[in-house]
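Same chain, two versions here, written out as structure tokens and called structure 1 and structure 2.
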Structure 1
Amino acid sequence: MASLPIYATTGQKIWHYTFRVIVGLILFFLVAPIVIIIPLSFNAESFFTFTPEMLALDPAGYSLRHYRDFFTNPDWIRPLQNSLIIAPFATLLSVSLGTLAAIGLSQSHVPYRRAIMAIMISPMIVPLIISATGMFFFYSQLGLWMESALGFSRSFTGYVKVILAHAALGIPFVIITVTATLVGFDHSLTRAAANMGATPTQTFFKVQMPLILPGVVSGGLFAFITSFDEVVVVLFVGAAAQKTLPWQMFTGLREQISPTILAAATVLVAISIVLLATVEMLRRRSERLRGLLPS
């Protein structure tokens, strides 16, 4: 934040420091509920509150017992494995379809592209419970068809349904980030590549993709986070065999209050911080490539 100029009036000085206090309060309001779970996850007791030993910073009040339970208990290992299976496949689908949609909608000759764009990002606007209800009826019929016509097992179709549903939630993030990257894209590069004999596929992978890659990866990371943290849709579409980590945390809060939930939440927070830091690095790289930032 810039410092005050020496000629600032008294009113400007008051607003300068008041603004800092407001920003600090907003930051505390947003971050405090997330940060508070981190020390609680090291509680040596099976409580959701700070014990006197923790408040006194006594080492005896802290333990890794909840992390050991999280990484060794089958009740947590299986949901973690399901999340690590579902999220990457959903991300791959979201990135593939979202990138193609963004490139298509960036073409000026596409009719009604603004209306099409609004429809394709509607899963971000429509309340999730409504989307989950519609997905339940749609994907339940798809699952029955795959079991009866194709002979797939119920467990396999369950994974397919959840992956498709999560991909539908992740596609809008990819469309938005790739479209933002394409705003500064110089289309004369693709025309130059075509004039030099490159095929459309060669032009896409060797000219266009390297320049829009930061937006593609950023959208993929948002799609991954969306799938990894999602619980409402998987409750509607999935079955017990597809129980994910957020589903297990929701069940744990409702049926058995275990501080292992705090350890799981801390792990998710750490993953989210790493992914968001990666997104920020890619955003800066994209701006450097487009000449918006000095190298």
Structure 2
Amino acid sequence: MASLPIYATTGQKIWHYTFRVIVGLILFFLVAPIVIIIPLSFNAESFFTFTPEMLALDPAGYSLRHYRDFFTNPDWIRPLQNSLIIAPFATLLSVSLGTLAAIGLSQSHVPYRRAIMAIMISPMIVPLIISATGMFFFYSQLGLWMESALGFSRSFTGYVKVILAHAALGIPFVIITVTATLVGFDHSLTRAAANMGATPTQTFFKVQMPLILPGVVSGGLFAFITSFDEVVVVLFVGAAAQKTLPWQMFTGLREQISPTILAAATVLVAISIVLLATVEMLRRRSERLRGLLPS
């Protein structure tokens, strides 16, 4: 399929190009919806479609007004701030706990390994709506308990609840990516380090960590994007004070749809492109480091 042999018949040639067109159309279906919102977000009017001025490429048809609204309107600023508070803490929690556990799981003699793995992966398997339902009941009690027994303020417990919930959702991604990097990890390296007098802590930070770092970072990015994108659980667990960016977009889409959503969406697309590039780069670097790919 890769390239057409010179002896191909006319029918084969037609099929060859038809097939490419079909695949092209499918790829167009995949990418076009995301790409199309970018020019739409520069619309000078509050419409969700291309105005005649835009189609004529008239500069008057374009403006940054929706971006101005996004970066000045407190309805959008607050959620953005909340997302930027919640996601890093949730990521930190899932990465630190997840990396330790992945290292533990990679040891050769772990009893009940499959069962433990299944439990740790479960937040990814269980549909979000079910996790959200379960968490809704449990975390409201937890919140009341934290407010009355520990004397935390209402808004603080709100953040704690959402961060804990998001950390739980991010953990499977950390476990999976770090375990994958550890598969190629040569354990004789740690023995060699110990042999040369390194303490276990030194071995961990100087030998093991640099090698599995790409996996840890991409796991962290997955955990970050999970929290940053998550809306179902935060809807159920959080209060209005913890409204995140996806939440604001969700209510916007459901109730009064404003074109600022498109500006927000474009910003998020830019963020995801950056994250995608980072993960892809890390993956290649890790494979090169472990000698899996002849570079």
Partner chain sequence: MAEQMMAADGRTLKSSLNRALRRQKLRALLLIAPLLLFILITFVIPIGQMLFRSVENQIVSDTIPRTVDALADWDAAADQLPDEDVFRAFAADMMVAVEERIHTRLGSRLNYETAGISSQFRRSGRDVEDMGEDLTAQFTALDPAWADPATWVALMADPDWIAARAGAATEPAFIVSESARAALPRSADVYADFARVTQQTNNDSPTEEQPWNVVYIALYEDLLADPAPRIAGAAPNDMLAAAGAAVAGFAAPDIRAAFVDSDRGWGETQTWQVIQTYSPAYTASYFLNAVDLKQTPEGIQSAPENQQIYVRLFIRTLIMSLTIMVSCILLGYPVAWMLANLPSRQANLMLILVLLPFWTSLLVRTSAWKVLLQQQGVINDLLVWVGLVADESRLTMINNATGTIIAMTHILLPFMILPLYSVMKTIPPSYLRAAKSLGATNWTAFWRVYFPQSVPGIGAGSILVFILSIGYYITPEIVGGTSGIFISNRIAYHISSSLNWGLAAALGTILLVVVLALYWAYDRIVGIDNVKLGG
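Computed from a prediction, not measured in an experiment: that's the story for all the values here. Here, a residue number simply tells you its place in the sequence of structure 1, counted from 1. Only the largest set of C-alpha atoms that superpose within 1.5 Å between the two forms is called the rigid core.
- Annotation: structure 1 represents the form predicted alone, while structure 2 represents the other form.
- The rigid-core alignment places the CA of residue 18 2 Å or more apart between structures 1 and 2.
- Taking 2 Å as the criterion, residue 195 counts as shifted between structures 1 and 2: its C-alpha moves by at least this amount when the rigid core is aligned.
- In this core superposition, residue 9 moves its Cα by 7.2 Å between structures 1 and 2.
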